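The chain that follows stands alone, in the form predicted alone, written as structure tokens.
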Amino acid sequence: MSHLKTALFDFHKASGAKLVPFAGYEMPVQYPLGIAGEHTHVRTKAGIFDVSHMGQFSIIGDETVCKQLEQIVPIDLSLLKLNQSKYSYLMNDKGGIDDDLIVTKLEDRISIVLNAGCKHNDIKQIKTVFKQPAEFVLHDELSLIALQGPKAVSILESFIPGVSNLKFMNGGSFSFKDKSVYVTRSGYTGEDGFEVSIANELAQTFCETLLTNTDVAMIGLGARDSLRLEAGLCLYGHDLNPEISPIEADLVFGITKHRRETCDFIGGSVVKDHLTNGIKKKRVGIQPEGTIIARENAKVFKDDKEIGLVTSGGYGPSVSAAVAMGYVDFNCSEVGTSVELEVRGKKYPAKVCLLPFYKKSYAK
């Protein structure tokens, strides 16, 4: 089976990246620095991520666009300020999450970043709620490059003046090499950073320019996964799926307060029931007591009874410990609850813990 390639594919190969199939694309999982080295580099300096496989999608239309989209995205889009972004998700009629996403309000459109493996189905689902005319554009002509880490702001500011003025989850149009780029102060690593939407033909030049600073390194999907896990951030298809509600996923903040009261969106009756009557399972952090690594699908036990499943797990280099998260019975979800994790047929002690494992550093 052939896989799609981002505009940076040849650049990744020339950089010594190990390439693997991911979400229908051929993507770099790691570079010569190695996953642990890349992880630490992002936490201490700055790293470049090619996230161009994700869908950059625009809905262009009149004032009815927000109201129509609100049927499937449970936030108050009309209250978003210009260039402000918000995390939310696409709801289904079972009250589950069909995808999690970032929505940004621009002057003439709503811009949405969709997960790579879901983007084409997402667009079909979004179109079903539109009865008034609108234009739908998937921007295959654009790459998406993230620069993440504590030194990201000073580095990017030296090449794109003005980005340091952005606050977390806000964006704006800037200039690079006399070409327009759209920059948001956001990311998925638990670090301060930026995502830059840039023309495909300029993406390699942009990365090469950033790499002239010795504090910058290319980072692959392996470190991206360990970084987001330490930060307690979900990966769609693992920690989230169409059967899990936002309340079970402990992502209620993705539904604005007013929409929690009205629940006037697809799947709202299920969400209302979960908010009113409670849930049977909940996403939690799980801290193994020792060095054992519990990966996805490891079973969770309490007093020899199976109570849940790990959905993400691995080693957290920044916290020097094994980390995991998953879903457990709600009556076992209290922080400090002792549980056991089954790994290769043996059970190991662990505790339910607060998320994130690593404190996020965002520019408020």
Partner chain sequence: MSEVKYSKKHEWVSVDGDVGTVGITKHATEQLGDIVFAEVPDAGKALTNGGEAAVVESVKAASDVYTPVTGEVVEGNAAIVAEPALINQDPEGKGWFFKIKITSPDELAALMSKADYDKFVEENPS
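Values in this document were obtained by computation on a predicted structure and should not be read as measured data. Numbering follows the first chain given and starts at 1.
Unshown form predicted together with the partner chain; subsequent notes refer to it.
Counting only non-hydrogen atoms and a 4.5 angstroms cut-off, does G61 reach the partner chain in the predicted complex?
Flag for G61 set to no.
Applying a 4.5 Å heavy atom distance criterion, does A36 contact the partner chain in the predicted complex?
A36: contacts the partner chain in the predicted complex.
K67: heavy atom within 4.5 Å of the partner chain in the predicted complex?
Output for K67 is no: heavy atoms all beyond 4.5 Å of the partner chain.
Y315: heavy atom within 4.5 Å of the partner chain in the predicted complex?
Flag for Y315 set to yes.
With the partner chain left out of view, which of S143, S226, S186, T104 would have a heavy atom within 4.5 Å of it in the predicted complex?
Only one option qualifies, and that one is S226.
Scan I292, L77, C118, I72 and let me know which has any heavy atom within 4.5 Å of the partner chain in the predicted complex.
Spelling it out, the residue with a heavy atom inside the cut-off is I292.
Spell it out for me: taking the partner chain in the predicted complex, does every residue among Y89, K351 and L354 have a heavy atom no farther than 4.5 Å from it?
No: none of Y89, K351 and L354 comes within 4.5 Å of the partner chain in the predicted complex.
Of the listed stretches (333-341, 315-323, 299-307, 41-49), which one has a non-hydrogen atom within 4.5 Å of the partner chain in the predicted complex?
Heavy atoms within 4.5 Å of the partner chain in the predicted complex occur in 315-323.
Who in 14-31 is close to the partner chain in the predicted complex, meaning a heavy atom within 4.5 Å?
Heavy-atom contacts within 4.5 Å come from K18, V29.
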